[in-house]
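This document opens with one chain alone, in structure tokens, the form predicted alone.
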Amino acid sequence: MNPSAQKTLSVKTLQINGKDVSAREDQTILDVARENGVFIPTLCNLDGLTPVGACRLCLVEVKGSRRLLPACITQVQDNMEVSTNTETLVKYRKMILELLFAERNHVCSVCVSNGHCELQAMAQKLGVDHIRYPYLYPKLAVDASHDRFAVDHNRCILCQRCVRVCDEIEGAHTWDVQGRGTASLVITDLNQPWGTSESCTSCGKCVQVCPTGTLFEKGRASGEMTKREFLPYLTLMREERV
């Protein structure tokens, strides 16, 4: 951290699942929960990238709040009482996962990321073994115009990891989001084919942080990617920006 940017941070005291914990004022509920070994599911959050609260899987209950709050973007407060695993939260998280599966074409048995997909792993962890909602079966494009990489929009969960890593770490901002709701797509530049992008540096960071195999390297299965080795680099870069 830059010494000139250092400041004294006050300490907050709160409860998570009835247990007293302390936190810095700049931390989120998700930060503090992880520090104290409390599991809160998330798919869009990644250490080293700015949290955006896109997937909503990290919803928690906070006493006094009439709505569920996303843990990844909710700052801690003194005397906050947080519940992370109530019956309501379990129900909502399963529903969110089911909607993610129903919105696009996640056929795990034929997916390049089968066995290495964070969406698949999260469904298994949270006990989602069937989908109660009708599948939309969108017919979305596969852009293989890039020399090294391809993007299959049918597998995208709009976590925006690719957008953030390209902007915040690589500094290219090749990726962005177009549209609203179920019509949303991650795009390169002004919705140009990835292979024609003049801003793309072909660094592969967006591919490495993708949780579902939406972005993948041609000729390589998702399981061969070295995502874990990339995470410490993201954290280091974020710390240097503070």
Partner chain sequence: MTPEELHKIAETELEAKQQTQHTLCVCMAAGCVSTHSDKVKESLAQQIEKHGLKETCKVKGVGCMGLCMAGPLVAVEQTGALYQMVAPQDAEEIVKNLGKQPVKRLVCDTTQPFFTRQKKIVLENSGVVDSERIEEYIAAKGYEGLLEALTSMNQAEVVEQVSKSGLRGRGGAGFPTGLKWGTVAKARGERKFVICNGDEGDPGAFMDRSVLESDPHRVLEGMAIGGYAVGASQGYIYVRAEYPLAVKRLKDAIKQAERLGLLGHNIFGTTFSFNIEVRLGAGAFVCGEETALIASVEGKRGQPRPRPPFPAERGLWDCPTLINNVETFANIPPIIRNGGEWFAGIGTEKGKGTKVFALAGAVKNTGLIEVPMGISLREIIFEIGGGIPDGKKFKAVQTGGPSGGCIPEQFLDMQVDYDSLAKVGSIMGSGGMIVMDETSCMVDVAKFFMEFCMTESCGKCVPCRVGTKQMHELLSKITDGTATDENLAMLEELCDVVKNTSLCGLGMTAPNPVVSTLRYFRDEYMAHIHDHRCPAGVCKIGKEQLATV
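Because the structure is predicted, anything quoted here is derived from the model rather than measured. Positions refer to the first chain, counted from 1.
In what follows, reference is made to the form predicted together with the partner chain, a form of this protein that is not presented.
Of the stretches 208 to 216, 61 to 69, 34 to 42, 192 to 200, only 61 to 69 has residues with a heavy atom within 4.5 Å of the partner chain in the predicted complex. Of the residues given (172, 150, 112, 158), 158 alone sits with a heavy atom within 4.5 Å of the partner chain in the predicted complex. Residue contact check for residue 100: one or more of its heavy atoms lie within 4.5 Å of the partner chain in the predicted complex. Taking the partner from elsewhere, residue 53 is found to have a heavy atom lying within 4.5 Å of the partner chain in the predicted complex. Looking at residue 204, you'd find every heavy atom of it more than 4.5 angstroms from the partner chain in the predicted complex. Contact annotation for residue 142: none of its heavy atoms lies within 4.5 Å of the partner chain in the predicted complex.
In the predicted complex, the residues of 71 to 93 lying within 4.5 Å of the partner chain by at least one heavy atom are, in order, 73, 91, 92.
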